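A lone chain, given as C-alpha cells: the form predicted on its own.
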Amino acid sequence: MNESAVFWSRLLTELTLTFHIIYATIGVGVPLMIMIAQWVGMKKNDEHYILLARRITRGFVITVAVGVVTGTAIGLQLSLLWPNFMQLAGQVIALPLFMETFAFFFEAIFLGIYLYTWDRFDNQKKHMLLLVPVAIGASISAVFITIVNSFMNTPQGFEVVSGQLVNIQPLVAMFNPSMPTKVAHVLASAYMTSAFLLASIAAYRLLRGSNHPYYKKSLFLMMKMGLIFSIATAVIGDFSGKFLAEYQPEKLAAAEWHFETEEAAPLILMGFMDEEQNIKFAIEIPYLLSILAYGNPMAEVTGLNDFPEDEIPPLYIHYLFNLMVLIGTAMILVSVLYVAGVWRGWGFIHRPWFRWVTVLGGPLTIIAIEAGWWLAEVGRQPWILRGYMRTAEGATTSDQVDLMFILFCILYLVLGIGSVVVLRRMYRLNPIEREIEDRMAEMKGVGR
C-alpha cells in the first residue's frame, strides 16, 4: 500500500464527486421542471410558462455538456485510482454502468430533437411528448449510477472464492437492500434542488428590479415544486434512517454521536465534540433516535462502542448530517410560507428580505446535496466495498496521483468558470422582455 497514493486518490475522488454532483443533480432534476413548465403553459394557454421551458432548456444544454465531461472523469478515475476495486467488483458493476450510459444517450437523443423542433409542431402537445423520454432518461441514468453506489454499501449477489467474486447474479447485486431508499432519496433531492435553484434565479431577477409576470409565475411554480419534493425528500430520509439502523448501524451511530447501546435513545442535534469526545452545546431530544431508527420510542439502538475501532466512520459526519437536515427543514419552511403567502395574500413574501432568503435557497440546497453525498461516502469508511475491501486496499500504488489532482483541479476550474460565464452571457444578451417581444412578433407574422 502506498499511503501517499491512497491519500491523493481519495482527495481527487472527493473533488471530482463534489464538482460532478452539482451538474449531475441539475441534469436529473431540471428535465422534469422543463416538462412541468411546458405542461402548465399548455394547460393554461400561457406563453410565459412555454417560454420558461424554452429558456431553461437552453441553459440545461450547457450543464449537460459539463456533466458529460465530469461524468467521464469519474469513469476514468475508477479505473486509474481504484484498480484493485475494479478488478474485484468490476464484473458486478459493469451492467449498471453500461445501462447508465445507455440511459444518458437515450436522454440526449430526445433532448436534441426537442431542442431543435421548437415551433415545428402545429400541436404543442406532440412537442411536449419529446420531453417524456428526456425526463425518464435523466432519472433512469441516476437510478443506475446510484445502484452502483448502493452496491458498494450493501454488496450481495456473488460468492467469494480465493479473493475473487464468482457466481455473480447481476440483478440480485443491483437490487440490494440500500437500493430502494438511496435511489428514491437521490431522485427526490435532485428534483427539489433543481426547483429551488430555478426559484432562486427568478427571485434574484425580481430583486434586481424586474417586475415582469414571467418571473413571478416562474417563482411560484418552482416554489410549489420545491415544497412537494422537499417534503418527499424528508419522508424518504426517514426511511433511510431505518435502513441504516438495520444494515449500517455504525454509520447511523457515528452520524448521531451515539456511543452507548441503549433503549429509548435520544437524538443529538448540533453541538460540537472536543478531542476527548466530550459533546458540548448539543440539543438532546429524548427517544427521537429510537423513533428514527425503528419507529419505536423504546427501541434499542446500537452504539459506537460495540463496533471495532478500525470500522468506525469519521465522527465529523455528524456535522454533515446536521447541515443537510437543517437546510432541508429550512427550505420546507420557506416554501410553505411562500406558497401559503401567495394563496393567502401575505405581503411579507414580496419584501426584499424574504426574496433574499429565497435566493439563498438555491445555493443552500446545493450545499445540502454536497453534505448528503459526503455523509454517504465518508460514512461508509473504512470500506470501499463494505465488508469485503477497505478503501486503502482498493487504491492505486502510483506516485503520480498528486499531479493528476492538480490537472483535474485546473480542468474543473475552467469548466466551472466557463459554464457560469456562458450561462450569464446567454441570458444577459437575451432577456425575457426581448424574447417575449420577438415571440409576439413571430406569432403575428405567422398569423398573417
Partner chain sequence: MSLEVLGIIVLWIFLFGYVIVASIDFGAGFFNAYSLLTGRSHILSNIIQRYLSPVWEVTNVFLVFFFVGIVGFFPKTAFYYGTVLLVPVSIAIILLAIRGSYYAFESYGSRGHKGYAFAYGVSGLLIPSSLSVVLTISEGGFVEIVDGSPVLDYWALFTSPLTWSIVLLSIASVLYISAVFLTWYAWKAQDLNASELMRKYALTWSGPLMLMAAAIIIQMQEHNPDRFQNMISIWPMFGVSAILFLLTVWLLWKKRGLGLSVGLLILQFLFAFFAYGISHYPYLLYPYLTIYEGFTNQEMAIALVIAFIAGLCLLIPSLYLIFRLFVFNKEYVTGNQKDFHA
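Just so you know, these numbers come straight off a predicted model, no measurement behind them. Numbering follows the first chain given and starts at 1.
One more form of this protein, predicted in complex with its partner chain, exists but is not displayed; see below.
- Within 4.5 Å of some heavy atom of its partner chain in the predicted complex lies at least one heavy atom of Gly418.
- Looking at Tyr204, you'd find every heavy atom of it more than 4.5 angstroms from its partner chain in the predicted complex.
- Using a 4.5 angstroms threshold between heavy atoms, Ser398 counts as touching its partner chain in the predicted complex.
- For the chain shown alone, Leu413 is not a contact residue for its partner chain in the predicted complex, no non-hydrogen atom being within 4.5 angstroms.
- In short, of 82 to 90, 288 to 296, 333 to 341, 313 to 321 it is 82 to 90 that has heavy atoms within 4.5 Å of its partner chain in the predicted complex.
- Three-residue candidate spot Phe19, Tyr49 and Leu197; no residue lies within 4.5 angstroms of its partner chain in the predicted complex by any non-hydrogen atom.
- For the options Ile168, Val235, Ile283, Val160, the one in contact with its partner chain in the predicted complex, meaning a heavy atom within 4.5 Å, is Ile168.
- With the partner removed from view, the residue among Tyr247, Phe102, Phe239, Trp356 that has a non-hydrogen atom within 4.5 Å of its partner chain in the predicted complex turns out to be Phe102.
- Along 96 to 116, these residues reach a heavy atom to within 4.5 Å of its partner chain in the predicted complex: Leu97, Phe98, Met99, Thr101, Phe102, Phe104, Phe105, Phe106, Ala108, Ile109, Phe110, Leu111, Gly112, Ile113, Leu115, Tyr116.
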